[in-house]
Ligand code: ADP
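Shown here is one chain on its own, the form predicted alone, set out as structure tokens.
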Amino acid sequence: MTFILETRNVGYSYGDGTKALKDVSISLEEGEKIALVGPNGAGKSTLMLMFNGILRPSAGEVLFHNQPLQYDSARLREIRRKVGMVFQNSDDQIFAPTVYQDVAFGPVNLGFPKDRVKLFVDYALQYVGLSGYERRPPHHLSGGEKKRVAIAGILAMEPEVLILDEPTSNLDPASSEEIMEMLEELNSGGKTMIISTHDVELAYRWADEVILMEDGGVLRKGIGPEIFGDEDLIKRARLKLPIVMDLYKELVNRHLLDDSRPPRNILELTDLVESRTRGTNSRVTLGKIYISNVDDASPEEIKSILNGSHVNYTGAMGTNAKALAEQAKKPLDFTYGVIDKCILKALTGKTSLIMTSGGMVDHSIKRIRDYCEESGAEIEVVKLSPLAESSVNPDSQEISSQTDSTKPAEAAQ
């Protein structure tokens, strides 16, 4: 087990004497998605500002890769490159006259040569879906676009850890889902993600680990079902149960479900209800899920995939995939929660296509494989390669709960 960030008996008091943190000791694993959860005033934001040296503890110490943080200028600059922070209010972080200059600020101040700065800025803007925005004034952008600029500014410095304070604050539901999907994709690429939130729905379905805070201290640290399955603990923290957990507990109280495995999302809850009411063996013939890597694909190639695969539903994950679908003038059925929605459709006999980028292809397959192993379903997954021709070249894998081996499957019609 590798810890990327640790706090040891950290305390912090503001100038007016207010104690914001009290004897906080936590260890955060590398490569995980971590949510700091608690009501306003719990100490979440203060703790996050400790992680990259913006605030210095009044007591205790913060460690990065097992080394205590040092607070001289040179080492603070280095830790802030490796541990990037995106503030709750993007206007507090965006200040340059153009988007390009704002995203370039970090690399320039790190002393990168001009060609390397351009390379990193172009990559970051493409990743967040803002290619072509380089000359735009940031204050003319929407809230979601400003959040993307702030994230791009951190990505351009190649951090190991991204910290986001209330990442979906003041965003509409669609923009919120797109931001969280981007964080999921970054995590699948190996980056450690830390968010603070009082949104229990978001924390429960997204985080690998939840740290519940109250009044400057840590109440409990663990996986979502452990934290949110304890009603007394959630009440003490002045929060509410996630809707899925609340509904599950009510069904258990009415003896409609067993109190064994709390669901993390609608898909898992649906499975529990179905297995109780009619059994897992009575499902209709399952549909397939096609997955296409759209990196370097053209709109014409996207059209060939969609025309050749004969799917009932199409979803896109990542800004590149969504942009290509728009260029190909193909409407999308799913733009967030894509994997789970395609699994739900497969369970009803429908076939879906997931368009995504290279790093998320394996992530999607793993998510479906994990689901199949847990549920006993056998959902066939077909990997597609975009071609200039109208035909489709399938590389098929059948993902089964009974075996990890792959079987040849029929070509897409």
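All residue numbers are counted from 1 along the displayed sequence. Fair warning: this is a prediction, and the values are worked out from it, not measured in the lab.
The same protein has a further form, the form predicted together with ligand ADP, not shown here; the description that follows concerns it.
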Of these, P57, G41, G31, G359, which has a heavy atom no more than 4.5 Å from ligand ADP in the predicted complex?
G41
Partner-contacting position among S364, T351, S45, S375 - heavy atom within 4.5 Å of ligand ADP in the predicted complex
S45
Please determine whether N9 contacts ligand ADP in the predicted complex, using a 4.5 Å cut-off between heavy atoms.
no
If you check in the predicted complex, is T18 within 4.5 Å of ligand ADP, heavy atoms only?
yes
With a 4.5 Å heavy atom cut-off to ligand ADP in the predicted complex, the contacting stretch among 65-73, 32-40, 376-384, 343-351 is 32-40
